[in-house]
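Considered here are two forms of the same protein chain, supplied as C-alpha cells in two stand-alone entries, structure 1 and structure 2.
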Structure 1
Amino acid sequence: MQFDSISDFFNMGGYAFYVWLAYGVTFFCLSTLIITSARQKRKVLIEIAKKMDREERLKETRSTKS
C-alpha cells in the first residue's frame, strides 16, 4: 500500500485508530513480557547463587568437623 503523504500514512486510510492501537497493544505486551522475563531470570540466578553458596558452606563445615 502506497501513501501520498505522511499524514495519509498516519491516517491509514481511515483505520488509524485500530492500526495504531494494535501496534501499541503489541508493543506493550512484548515489552511487558521481556521485562518480566528479565526480572524472573535475575531472581532465579540469584536463588541459584545462594543455593550454591549454602552448599559450599555446608561442605566446608562438614569437612572441618571430620
Structure 2
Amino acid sequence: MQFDSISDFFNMGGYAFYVWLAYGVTFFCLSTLIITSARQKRKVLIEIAKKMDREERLKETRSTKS
C-alpha cells in the first residue's frame, strides 16, 4: 500500500483534482456506453414486435374489406 490513510489516498499527493477528474470522466463515459449498449437489444426487438403488430392489423383490415 502506497498511502498511509484514506484521506492521503484521496489527496493523491496534491494531484487529487486531476487524477479523480480523469478517473471520474472515464467511469461516467464507460458506464453510459455500457448502459446504452445493453438497452439496444430490447429496443430493437420491441420495434420489430410493433412492426409485426402493424402488419397483422393491415392483414385483418384487408380480409374484412373483401
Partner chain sequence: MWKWLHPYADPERAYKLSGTLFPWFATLACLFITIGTVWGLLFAPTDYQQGDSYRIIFIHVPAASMSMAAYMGMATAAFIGLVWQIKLADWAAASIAPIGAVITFIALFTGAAWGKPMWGTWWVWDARLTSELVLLFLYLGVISLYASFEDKVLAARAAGILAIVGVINIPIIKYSVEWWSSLHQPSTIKITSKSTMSSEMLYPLLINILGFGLMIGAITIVRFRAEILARNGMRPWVRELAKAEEVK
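Whichever C-alpha set is largest while still superposing within 1.5 Å between the two forms counts as the rigid core. Residue 1 is the first residue of structure 1, and the numbers go on in sequence order from there. The shown structure was predicted, so the numbers you read here are calculated from the model rather than taken from an experiment.
The second of the two structures is the form predicted together with its partner chain. With a cut-off of 2 Å and the rigid core superposed, T26 has a Cα displacement that falls short of the cut-off between structure 1 and structure 2. In the core-superposed comparison between structure 1 and structure 2, the C-alpha atom of A16 has shifted by less than 2 angstroms. The two forms line up on their rigid core, and K59 then has its Cα shifted by 11.6 Å between structure 1 and structure 2. At I48, the distance the Cα travels between structure 1 and structure 2 is 4.9 Å after the core is superposed.
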